[in-house]
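Here's a solo chain for you in structure tokens, the form predicted alone.
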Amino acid sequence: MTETTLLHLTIDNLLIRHPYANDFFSLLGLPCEARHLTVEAFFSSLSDERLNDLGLLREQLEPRLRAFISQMEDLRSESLPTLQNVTLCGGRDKDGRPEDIRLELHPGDVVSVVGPTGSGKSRLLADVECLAQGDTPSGRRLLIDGNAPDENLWLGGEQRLVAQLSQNMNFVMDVSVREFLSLHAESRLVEDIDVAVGQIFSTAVLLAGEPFKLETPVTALSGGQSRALMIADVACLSASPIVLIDEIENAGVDRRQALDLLVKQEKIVLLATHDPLLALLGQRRLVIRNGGIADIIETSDSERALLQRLNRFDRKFAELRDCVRQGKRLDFDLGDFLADCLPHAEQGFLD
């Protein structure tokens, strides 16, 4: 874009091409009614007093705007963090006994982390989150594509490899769901923010099973709604290829759909859980005891068959939960309920 073209664009048209330029004009104090002006006309309208406050000369405005757009375009063109595999190298348990493991994970893998409360599941997730290099109490190490990770991958920002969804989701910003999602979309330099917001919102409502609106304040969301919103945001918008989830079972979220969504986005998912349905959804289970990985269990064919039967029970119990939420009476025959849960061949035991 030449200097002349840039100056002769209306601000509205410029923002259609480069939405992030709104930040530049906001700094200059652009009033809403002035968006129809050309860039040149708006620059000419700024008072000398305003320019003095900003420490700018009028002739500096166009080069500064051009440099701002160029920098943001460079950010847009930066490649997102990608990986072929992550290798978890064993450390030690609380008594110093070594973990004799070397676990390789690939995009689309779901690994469950199981064990009693206090066994060390959260410690394992924390090691993955910080890309541990033998510098945590467990002594574990993470390799990215066979090498120690570059520090830029964990220092922060959108280049982080790991996104974490903790047990407690507490929003501190007093904004609506729409504003919250728009801010994240803008930070990711998404071109069509409205489309991105709509996709994330509809996905979140589907996962939560409990309707809420785009204008709902994020601080007014229930625990399940908050968790669903963040899962949808991570799946649809976050560039992080590794997702850590700590106990999703009590959040009022459609668990299977949530995991399916993340897997479709080629995320590596590590899931700490006490729920047998979630544990069996993973290809492997890391068994944690006394702060260490005591075993790695591959999900067997017989366990997958069991999962199908358990899912039938779970769907029926979900129907009962919905009845309770809606204030209905639970008036049903237990025999009919169990018969609905089981294939015909398995109903003999009911007699």
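Just so we're clear, the structure is a prediction, and the values are computed from it rather than from any experiment. Numbering starts at 1 and runs along the sequence shown.
What comes next is about the form predicted in complex with a small molecule, which is not displayed.
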query	finding
Q84 within 4.5 Å of the small molecule in the predicted complex, heavy atoms	no
Close approach of N147 to the small molecule in the predicted complex, 4.5 Å, heavy atom	no
The small molecule contact in the predicted complex: S122, any heavy atom under 4.5 Å	yes
D233: touches the small molecule in the predicted complex, heavy atom cutoff 4.5 angstroms	no
Proximity to the small molecule in the predicted complex, single hit among P107, P137, G198, G223 (heavy atom within 4.5 Å)	P137
Contacting member of R188, R256, R92, R102, with respect to the small molecule in the predicted complex [4.5 Å, heavy atom]	R92
Candidate stretches 277-285, 261-269, 112-120, 224-232 - the one whose heavy atoms come within 4.5 Å of the small molecule in the predicted complex	112-120
